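Quick heads-up: the structure tokens below are two forms of one chain, split into structure 1 and structure 2.
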Structure 1
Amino acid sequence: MSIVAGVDFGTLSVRVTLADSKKGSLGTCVAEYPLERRRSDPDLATQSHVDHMEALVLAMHRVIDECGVDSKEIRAIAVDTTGSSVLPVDKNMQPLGDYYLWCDHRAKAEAEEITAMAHDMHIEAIEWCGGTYSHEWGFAKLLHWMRHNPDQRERFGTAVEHCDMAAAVLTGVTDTARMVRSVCAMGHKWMWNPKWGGLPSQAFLSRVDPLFDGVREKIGGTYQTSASIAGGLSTYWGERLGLTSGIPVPTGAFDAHWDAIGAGCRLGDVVNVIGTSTCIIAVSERVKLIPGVCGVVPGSAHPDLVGVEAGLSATGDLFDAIARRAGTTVSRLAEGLESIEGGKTGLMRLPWDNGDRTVLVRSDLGGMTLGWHLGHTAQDELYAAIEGTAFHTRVVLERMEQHGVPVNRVINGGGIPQRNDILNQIYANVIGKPILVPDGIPTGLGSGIFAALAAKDHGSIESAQAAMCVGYRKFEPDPSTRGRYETLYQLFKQVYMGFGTSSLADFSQVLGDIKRIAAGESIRSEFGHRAARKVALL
């Protein structure tokens, strides 16, 4: 038995979980840090590396004190982070500014240029990230930084993902050539894949912009899965954290991927990590392209399987926005949601308020609410928004299944499902499958599992999961809602594809159908031919 430390850097705070490698979580503590936003530039979202590390020290000491453990008994520490959260550094690994956080959307033009050039040059990598390179990803953010920081270009040594920077700092790396990079981060956000020799060619990158000349060599180092060790904890950070220097630090990864492992994800499972946004994680034995799905990477979430990543760009953020516009909070607005009958608000909510990440991959889309009448309330919209995120999730899951990813179990991970049973029930009703929710907070437990592997307490992820993961609560689909939700889902897909693609969709009956469903009228006879024909074309 060992005690290990799992670190999870989120958008607004760092969570440190101490875990017994044979029994699971012992306790968790959190420390916050600021996120810089600007009204004058709403796409900007940055954070300080120093703030991150100071918060880590604070959270570590808090959890050691609260759990009452001897810090010398902690035998490994593992770190996951948000991503793509990108930090330019000099050759000695010193930051040249702040992180471009995952939700920083300033690099839209750069992403469009990368996408266009990749298709023009027939770069295979673009097909493996869903056909569109995102403004949330590494190369786009790095190019934006280069264009807007000309005075720093000569000092540029490399760009690092937050998970790799954290591991490098903790292990005392001060030379960019000694960087250890996460296959999870680089495969999903930087078009890295051993299939074409790693990163895209320098010829392609230089064609995108001459500012990228020589950048491929600078983004070097060793690329590893999280089954490998990045290094031992340095003396300096051992002293600051109160831990023993030299304990292993495995190669890091993205929070949603390790959250999926901490939620018990196994072959045949899909985990919806639902927070401010939703990250949908699955693992598969086969490597296969999935159109519109932004990442298919061997060895990412699970070192021995193919990781598949998709998601929704706004979930919790969408709920917060609806409540904020109503002058209240989500918790207050949600009071009484259980009295609303599923599928009968008379509203349909398209959750594109932050664009569409999967399967349309369009940042220019905006949220829509269809079906308003003068009696509708903000609470009706909140309910319809939860339904809308469930409908959108079903679109993604069906796309995965169509391309060979098994979806046998659906697990709702992340923070929101822990405190929102109405959401879990709506997801079960809309998706038409039981929803499993970890019976306890899984965030940070994935880091603990990889720390336990690094400490050699378990020989496999499956062994560690069996010992350390919590059980589940199950939400079964309500049969009384099945007909309504099946019909509404076909309408949702019609509108989703109609506004999101160049298909010749006819929306002339949609609003009337939504009203008829809310009124309890049957529309199957007239809808069947029309919807089946249109959806088949999509």
Structure 2
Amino acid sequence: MSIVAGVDFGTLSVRVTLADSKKGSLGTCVAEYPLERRRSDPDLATQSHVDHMEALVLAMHRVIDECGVDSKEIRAIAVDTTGSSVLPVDKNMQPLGDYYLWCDHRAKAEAEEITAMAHDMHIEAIEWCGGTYSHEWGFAKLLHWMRHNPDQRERFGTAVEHCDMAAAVLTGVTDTARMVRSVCAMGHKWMWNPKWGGLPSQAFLSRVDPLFDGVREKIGGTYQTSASIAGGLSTYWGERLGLTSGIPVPTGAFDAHWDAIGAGCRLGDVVNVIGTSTCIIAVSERVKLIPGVCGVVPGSAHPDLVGVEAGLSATGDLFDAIARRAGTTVSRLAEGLESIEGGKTGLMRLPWDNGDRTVLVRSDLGGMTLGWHLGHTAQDELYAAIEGTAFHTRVVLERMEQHGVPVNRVINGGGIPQRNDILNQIYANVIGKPILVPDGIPTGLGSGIFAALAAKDHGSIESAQAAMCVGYRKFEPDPSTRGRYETLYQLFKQVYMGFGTSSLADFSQVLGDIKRIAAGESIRSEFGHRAARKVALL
């Protein structure tokens, strides 16, 4: 056995997990960093590279102390980070500003231009990333940066995803041409695939905007899956972290992908990684393209399988906003949620407060709550928001299933399912399948698993998962809510598609139906009849 370190950079904090590669987690410590947001520009969300690295040092020293291990015994360190968190750097890998974090949505216009040009030029990559290039993704952010930082353009060396920057820094890479890039990051968010020779052609990029001239070559380096090593830990970072220099650092990946592996994801599973946002990760043997998802990428989550990613742009962030507006915290507002009956708040919450990541891929949508009356409370809204994220998740799961992704087991990974059992039960009731929840914190364990592979303690992901993952708690769907949730889900889908595709549905009818369902009445509208008949057939 050996001890390894798994690092997980989330939206608000970094978690460092020390793990015994034969037994699993020994302990986790967290350190926070600021996220710059402005009320005057809600699309802006930035973070500093220095803040990230300071927090990493803090969390590493804390966990070494807390676990009481000899830090020199740690034999590998692996790092995952949020995805679509993009930093322009100079030729020596020095930041030319702050990260555009994944939830930075300033690059809407750029994303639309890229999507339009990709369809115009019949670029195959656009089909592999769900048919729409998202405002969250790399090229859109890079173009936004280039347009808004004319004085910095001369110094531009390359743009890096956070996971690749972390690996480069830790391994002492200071030359952009020598950096290692993650297939997971570049495949899902930068249209990279060996099938068409890597990134999309320079001709395409230049036609999007001449500012992109020469950019393809600059986004160079070696592209690898996380089964390959990025390099050895540098002397400088070995000293700062208290670790032995030279220990292997595997090629990084996105938090959600490794969280899925840490939650025990195997063929046939879908993992909802529920945190600030939700990433829905599946692994598949076969490749089938799926409209509206964040990409189908061979080797992304699991080096030997095809990874599929989809998700919701606000989950914990949305719960947080509801609590903040009520002058409290989510955990306090969540106390007593169990007294509310599922599907009976009379509210329907569309969780679009940060736009729609999948399957509509629209940054312009805003959150909506239908059905308010004067007696409703913030807690009702929180309950309806949890239901809304579950309905939206079911829309995504159905899309995946329709395109050949098996959804045999549904696992709720990420931080929130560890703190909120009502949410897990609502997901089981809405999705209509048992929900498995890791019985112990799974975040950070995924990076522990990749560190254990890098240390050569395991020859496969499966063997590392068998040794290191925790068991599951199981939430079975409650039959007494089944009919109500089935009917509400059909309504939700109508509102989601109706509003989301801008062909406005008859909302007064939908509103009335929500109220009748809450009152336990049967639905008389034409749509309601169809939904009720469907429920009766189940």
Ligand SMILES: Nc1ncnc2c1ncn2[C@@H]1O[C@H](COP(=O)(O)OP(=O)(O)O)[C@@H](O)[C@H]1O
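Every value quoted in this text rests on a predicted model; they were computed, and no experiment measured them. Numbers follow structure 1, counted from its first residue as 1. Heads up, when I say rigid core I mean the largest set of C-alphas that superpose within 1.5 Å between the two forms.
Undergrad: Which of these two chains, shown alone, is the form predicted on its own?
TA: Answer is structure 1, the other one does not fit.
Undergrad: Superposing on the rigid core, is the Cα displacement of residue 459 between the two structures 2 Å or more?
TA: The answer is no, as the C-alpha of residue 459 shifts between the two structures by less than 2 Å after core alignment.
Undergrad: For residue 375, state whether the C-alpha moves by 2 Å or more between the two structures after rigid core superposition.
TA: Shift of 2 Å or more: yes.
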